[in-house]
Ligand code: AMP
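Shown next as structure tokens: one chain only, the form predicted on its own.
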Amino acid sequence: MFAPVRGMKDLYGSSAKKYGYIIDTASRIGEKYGYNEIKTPIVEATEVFHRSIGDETDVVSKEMYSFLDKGGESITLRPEGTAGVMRAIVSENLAQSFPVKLMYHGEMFRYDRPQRGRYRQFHQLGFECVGDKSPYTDAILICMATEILNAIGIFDTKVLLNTLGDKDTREAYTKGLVKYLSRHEDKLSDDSKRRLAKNPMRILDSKDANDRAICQMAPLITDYLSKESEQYFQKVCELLEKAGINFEIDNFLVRGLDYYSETAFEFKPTRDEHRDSVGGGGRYDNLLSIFGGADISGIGFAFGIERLMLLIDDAKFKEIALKIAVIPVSETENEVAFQLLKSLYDAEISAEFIHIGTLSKKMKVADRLNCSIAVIIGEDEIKNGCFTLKFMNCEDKEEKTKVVAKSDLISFLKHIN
């Protein structure tokens, strides 16, 4: 008997329904904001991620599933969605006019320690807006992400917000950060010692306890902001306040990928039992140009779908649809029951055809399938032109059974639904 590969899960039943519900809701809202769907391959040339994400990130240095194909080319299962979307914009010549606004969802792969809400094969839902650099664009994107969370029933989150500044800001800040961290180099983790020379800002994203303690006293990037970056960030904050978005400044939020600049953000649950962020993103400059496109700015974000699913209220989710069990008493009534089943489907009513076994066994199957109403069809029902309805979850014996005329059944069920 085979089990799934470690860190990879089958998605079925209520989990699959939650997944579809999240995607359908987000797609509807994305279309309202002008986003079109794109589906990129789950496999890209390895260089796509080395160039865009950065060699010193954990994703590239530790977590990517990379291998040689039969032609000797190095290919990688995508660890995130943005790089593939940027590659597609250029290779498919999608940038006829700006901004280009695209949304995607699908499988991602990272070799990491599996834990609740974090798997080696996981799913992301993402949005990218390329070619429109403005505090208004940043604020609108964060508002859209918040609307998606609220629409799927997740309200207890806050936005962690920071700025990574422009190129001049990051160059000045990097010098100040290196000067500070060099005084504590002997106490840094091996990964952070290596990053100190190549990408010191990544140290702020370290999960090592000693590194995090050292970083608490590190200089803040806000002290190094250029005038333009400071004004840009202040405007983003002002717009979010006016929009009623729950946010707080996190000076150590740098995100895990190298391509971010200016606005960076994460969505953090406020409930104690959920500590991991459910998603995040930020602005990126020059990412499109890495793939041969225009030298322009973009902004995007992604949600981890498994993490969203953990926050959705199961009880509320199960109330979405009414399900009918069509039950003939014996084989004699099967054809009439079959015709009724087709009528229910034509009327967009969810139904199950339960026709094997004794009547009591059929009723048990209906209960196991979470049917709300059983429509019983026997000799008397056919002769009298009616159906007997059993309300599966009703405790009142007088209200549990109802006889409805054949001609009235569809309208009766639609009224209940």
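All figures in this text were calculated on a predicted structure; none of them were measured in a lab. Sequential numbering from 1, following the sequence displayed.
Beyond what is shown, the protein has a form predicted together with this ligand; the following relates to that form.
| query | Closest heavy atom of residue 212 to this ligand in the model of the complex, within 4.5 Å or not? | reply | Heavy-atom contact with this ligand at 4.5 Å: absent for residue 212.
| query | Is there any non-hydrogen atom of residue 135 lying within 4.5 Å of this ligand in the model of the complex? | reply | Residue 135 lies outside the contact set for this ligand.
| query | Does the 4.5 Å heavy atom contact test between residue 131 and this ligand in the model of the complex come out positive? | reply | Judged by the heavy-atom cut-off of 4.5 Å, residue 131 is well away from this ligand in the model of the complex.
| query | So in the model of the complex, does residue 117 come within 4.5 Å of this ligand, heavy atom to heavy atom? | reply | Contact with this ligand, yes.
| request: Quick one: find which of 121-129, 220-228, 94-102, 328-336 has residues within 4.5 Å of this ligand in the model of the complex by heavy atom distance. | output: The contacting stretch is 121-129.
| field | Residue among 307, 78, 87, 202 with a heavy atom within 4.5 Å of this ligand in the model of the complex | value | The residue in contact is 307.
| field | Proximity to this ligand in the model of the complex, single hit among 236, 253, 302, 144 (heavy atom within 4.5 Å) | value | Exactly one listed residue reaches within 4.5 Å, namely 302.
| Within 4.5 Å of this ligand in the model of the complex, do 27, 31 and 153 each have at least one heavy atom? | Result no, not one residue of the spot touches this ligand.
| field | Residues in 93-114 close to this ligand in the model of the complex, defined by a heavy atom within 4.5 Å, in order | value | Read in sequence order, the residues that approach this ligand (within 4.5 Å, in the model of the complex) are 110, 112.
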